[in-house]
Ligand SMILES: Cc1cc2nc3c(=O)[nH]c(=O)nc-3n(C[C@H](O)[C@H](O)[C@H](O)COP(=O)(O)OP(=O)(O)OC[C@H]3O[C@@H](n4cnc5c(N)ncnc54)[C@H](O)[C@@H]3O)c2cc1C
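Okay, so here's just one chain, in structure tokens, the form predicted alone.
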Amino acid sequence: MNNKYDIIVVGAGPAGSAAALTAAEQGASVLLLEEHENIGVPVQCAEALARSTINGYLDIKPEWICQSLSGSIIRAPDGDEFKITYPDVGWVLDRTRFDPGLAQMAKDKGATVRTKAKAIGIQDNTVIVSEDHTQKNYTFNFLIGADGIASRVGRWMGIDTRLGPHRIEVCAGYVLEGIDIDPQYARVIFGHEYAPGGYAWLFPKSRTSANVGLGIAPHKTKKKAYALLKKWIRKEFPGAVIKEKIFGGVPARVLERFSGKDFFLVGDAARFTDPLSGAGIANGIKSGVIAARSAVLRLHGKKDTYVKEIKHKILDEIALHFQIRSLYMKLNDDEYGEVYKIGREILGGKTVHDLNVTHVAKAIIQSSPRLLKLSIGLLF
């Protein structure tokens, strides 16, 4: 058995498998380690993915899709709603098929994939792994940490990965069945009643099932995400059947350092989650692909472009969305209602084919003296 690899990837989520696939395609010897027995299980994600966010990085296969989406329904704190039609905007995935499918693609290109293989330490250029009730050592020339929000790889490589209450969103979700919804439209709900400092969502998986959940900022409320979710579900879907429960955290600030001489962190391990939406699949895939390309360049003694590409493709948008999130955190429900009304005037009942969140946010801010004053205070 080979114990030496050009590149070892820890974590077989979308970021890790995208990295392993890309590196293997470029001829590197790759080991992909996953601590769980079944890749993609347990699901800790709302599973929505926008098509535009991964163009040029990965083609989504039909068998990975639960439901294609054609737009969103936005709800204000007072219950008023408007619809945005956005043909082919994206999908609600089935992560139990998507994640193992992507890992299998990496394997088909030559990567070695090991499940029930938990990285328990790093010493020099060796990953120490608990596998089959024994300890095994695998050596690497380059390491990619894709082990999620609780990344141990980051800590082992000397990075401070701690997340304070201002740098995390706490999420709770259910997979519900026995409901009646329009399967082509996601729903997004704002307001302190259910999601202080965040928002609630409904992402359809079919006409009768959906991922339903919410994210909250823990420093904005003493209430628990799970309790708020139960309250919402009792009111909105009293006859629904809960098939699965999903709980977790979403990082809301990028690490100060996410790379080193012989390693990169990618996806949630590097905190590349969008601080405004909480979305992480797309940036995980993109950062995994970029990391693998750069790792192969380093293996060949060439200068890599990781930090430059990450900044251009991911961090510039995250920085702007963090500014918008900081403004969002200062609003009360009346101000949410004001934002909602302006958004409805701009987008309500319209069909769009290219929705730029930043442009919409700027238009809303410029339309409100209160928001303009707050945003200037944040920027300067």
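When you see a residue number, it is the position in the sequence shown, counting from 1. Just so it is clear, the structure is predicted and the values come from calculations on it, not from any experiment.
Separately, the form predicted together with this ligand exists; it is not shown, and the next lines address it.
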### Task
Let me know the one among L229, A119, A106, A252 whose heavy atoms come within 4.5 Å of this ligand in the model of the complex, would you?
A119
### Message
Just to confirm, with a 4.5 Å cut-off on non-hydrogen atoms, which of P204, G90, G280, G154 contacts this ligand in the model of the complex?
### Response
G280
### Query
Would you say all of I84, G198 and L276 touch this ligand in the model of the complex, counting a heavy atom within 4.5 Å as a touch?
no
### Query
Out of 139 to 147, 158 to 166, 253 to 261, 303 to 311, where are the residues with a heavy atom within 4.5 Å of this ligand in the model of the complex?
139 to 147
### Message
Check S70 for me: does it contact this ligand in the model of the complex (non-hydrogen atoms, 4.5 angstroms)?
### Response
no
### Query
Is the gap between A225 and this ligand in the model of the complex 4.5 Å or less for some heavy atom pair?
no
### Query
Contact between L31 and this ligand in the model of the complex at 4.5 Å, heavy atoms?
no
### Query
Do Q44 and this ligand share at least one heavy atom pair within 4.5 Å in the model of the complex?
yes
### Query
Can you name the residues of 330 to 359 that have a non-hydrogen atom within 4.5 angstroms of this ligand in the model of the complex?
none
